[in-house]
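One chain comes next, on its own, written as structure tokens: the form predicted on its own.
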Amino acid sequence: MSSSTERSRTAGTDQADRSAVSTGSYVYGIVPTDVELDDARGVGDPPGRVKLVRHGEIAALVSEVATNRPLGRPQDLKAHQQLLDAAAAEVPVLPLRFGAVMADEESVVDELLAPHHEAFLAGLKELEGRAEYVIKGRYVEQALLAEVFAENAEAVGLRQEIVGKPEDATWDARIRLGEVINQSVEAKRDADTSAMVEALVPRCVAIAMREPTHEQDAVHLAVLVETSRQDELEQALDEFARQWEGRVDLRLIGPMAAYDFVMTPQQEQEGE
């Protein structure tokens, strides 16, 4: 059996361990103060319960996190995005970058909400009734290569030079063929992106071009749209899907938080 002294030492150690775990307030984004939350969960292990820290006409979406455990797991990033995107489907939201942790809820008010109240409020009013969507288009590889060789005589000549010959004997030709194909794909991407932007301008509040995430990306756009005009956006993309059938696979992602169209004080400081 354990002595009372041993039990006392164990209890004291447990209390020290618990007291050593410090916490902070993880901030997801800014919403109007009259928002009501369901039982939302955010980052952390286990996921923290999300609550509102209010000040004036705005509020911050926050949850408690242990500051001695690094954030950055794929689950944390996914939880951050899912919370903001779910909020954006219902109310205007100004998203903060992943990983924003403040000392406590009082710091959230004193250092974030109070000094930037008017700027945040103006930003929320700008987003009222609007949401971001992302358009991704990827070339179908066989169709893409068929176009390149049909339109580029140099590519055809290089391919003929390579066929049936050892790799080391045609190294320069192979390198050049890769360059020609990449240049052709970039030109096609520019032309197809321009065509889509021209068609979407009348239907969107704003459009932002995103960098390609794959060498076969045809289109990668973020668009800010009045939620009441989502059907028009979908109809325009359906028309492009018909024109590009068998050539480009299109996806529409959203609604989501307006990551590409807001600049919070946190992001302004990062850009300085």
Partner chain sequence: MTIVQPSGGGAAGRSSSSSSGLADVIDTILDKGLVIDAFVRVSLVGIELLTIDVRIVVASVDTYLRFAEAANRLDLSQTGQKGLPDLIQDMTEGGSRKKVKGATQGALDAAGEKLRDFIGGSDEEEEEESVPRRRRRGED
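Positions refer to the first chain, counted from 1. From a predicted model like this one, the values you see are computed outputs, not experimental measurements.
The discussion below concerns the form predicted together with the partner chain, not included here.
- By the criterion of a heavy atom within 4.5 Å, R203 is excluded from the residues contacting the partner chain in the predicted bound form.
- A residue is said to contact a partner when one of its heavy atoms sits within 4.5 Å of a partner heavy atom; I181 meets this definition for the partner chain in the predicted bound form.
- Not displayed here, the partner chain is kept clear of I207 by more than 4.5 Å at the level of heavy atoms in the predicted bound form.
- The partner chain is not drawn, but in the predicted bound form it has no heavy atom within 4.5 Å of E154.
- Residues of 99 to 123 placing a heavy atom within 4.5 Å of the partner chain in the predicted bound form, in sequence order: G99, A100, V101, M102, A103, E111, L112, F120.
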